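In the block that follows, a single chain appears as structure tokens, in the form predicted on its own.
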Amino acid sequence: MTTYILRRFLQTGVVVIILSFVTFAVMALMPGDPVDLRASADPHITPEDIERLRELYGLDKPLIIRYKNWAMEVLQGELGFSRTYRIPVTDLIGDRLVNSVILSGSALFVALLIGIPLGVFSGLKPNSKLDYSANMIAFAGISTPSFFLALLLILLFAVQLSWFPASGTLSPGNSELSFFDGLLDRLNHLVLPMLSLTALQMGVYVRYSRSSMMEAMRNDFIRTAKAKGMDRKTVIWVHGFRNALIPIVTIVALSLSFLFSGSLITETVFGYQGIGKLLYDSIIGNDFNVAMVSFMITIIMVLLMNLLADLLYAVIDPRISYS
């Protein structure tokens, strides 16, 4: 197991290096760099000033040299400054990361709490009213575009009913409120984007849980367990559900990566100040350092969650060994 984990970490490191270079190269192709932006804002700047600024920013060097310099700074903990917010990226990322974890974590918890049991019970009773209802809910959640669902929620609960705020993370003056009132204010801003993310994720969990449970209950060992006279609960939850967990763990582990990367569309529509909204703003504003850090967080978390899923397989199914 130790050898396998070390080998996977090595593979993950290689993939991170390759993807970081590809991302760096793609970001370098974006039109407009700091010098271009400054030159367009200053009509009195001379060509000599532009060349001097390019040398100062290192933009006159080849791409591979610029990537090397950036990577060495990142390894030393220097993530650079945000061009838009004029503060270090480390100061900017922290609060946004916490907001995304709160939003995505709460949405994931609710989606798992509803989606997996609903999928399991519908898989136990295929072609029943429960199964048809669960499938209808799942397909509606999967097929509805996230921006459209977000706009519907805003129109219904914020505009028509005025139950929740339409956008934002906190109300102005939140810092002056008491702890309980401040927490309640944050929860009010959290409800609509959380519902939007929950609806999108829950459909996936329902479908995976249903198909996995149906497949597990068709296996020979289930018939053997029934033939031995085991009670229905033991057959379903000990033998059936445990074997159905393997594909479910895969999709859940991959979903965990979004805790740290945020949901770009949902956060942007609701104006929720998370990593997804920050990534969108950084790309629109050509904020290179912020965009690179946001992309790297997403890449690293997806790879680590893949590794976590592989390790959980051996815990769930003793037949799987990584020796």
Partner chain sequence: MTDSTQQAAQEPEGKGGEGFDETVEAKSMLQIVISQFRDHRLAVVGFVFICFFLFVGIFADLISLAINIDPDEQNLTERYAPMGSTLERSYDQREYELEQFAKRNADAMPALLAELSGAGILNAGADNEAFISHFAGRSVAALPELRPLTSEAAGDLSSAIEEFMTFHLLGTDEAGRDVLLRLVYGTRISIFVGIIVALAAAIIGLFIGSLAGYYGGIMDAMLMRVTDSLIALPRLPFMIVFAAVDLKQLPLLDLIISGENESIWKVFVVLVIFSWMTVARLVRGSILSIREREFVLAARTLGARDIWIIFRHITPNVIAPLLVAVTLGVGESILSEAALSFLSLGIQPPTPSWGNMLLNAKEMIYEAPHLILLPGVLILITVMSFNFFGDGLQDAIDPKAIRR
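Residue numbers count along the first chain shown, from 1. These figures come from a predicted structure and were not determined experimentally.
Note that the form predicted in complex with the partner chain isn't included here; everything after this is about it.
**Q** With the partner removed from view, which of 229 to 237, 141 to 149, 210 to 218, 85 to 93 is the stretch that lies within 4.5 Å of the partner chain in the predicted complex, judged by heavy atom distances?
**A** It is the stretch 141 to 149.
**Q** Sort through V98, L75, L113, L155 and report the residue having a heavy atom within 4.5 Å of the partner chain in the predicted complex.
**A** That would be L155.
**Q** With the distance limit set at 4.5 angstroms and only heavy atoms considered, check whether L279, F295 and I299 all reach the partner chain in the predicted complex.
**A** Yes.
**Q** Is it the case that T12, even though its partner is missing from this view, gets within 4.5 Å of the partner chain in the predicted complex, heavy atoms only?
**A** Output for T12 is no: heavy atoms all beyond 4.5 Å of the partner chain.
**Q** Do Q273 and the partner chain share at least one heavy atom pair within 4.5 Å in the predicted complex?
**A** Output for Q273 is no: heavy atoms all beyond 4.5 Å of the partner chain.
**Q** Tell me, yes or no, whether A309 is in contact with the partner chain in the predicted complex, where a contact means a heavy atom of each within 4.5 Å.
**A** Heavy-atom contact with the partner chain at 4.5 Å: absent for A309.
**Q** If you check in the predicted complex, is I64 within 4.5 Å of the partner chain, heavy atoms only?
**A** No, I64 is distant from the partner.
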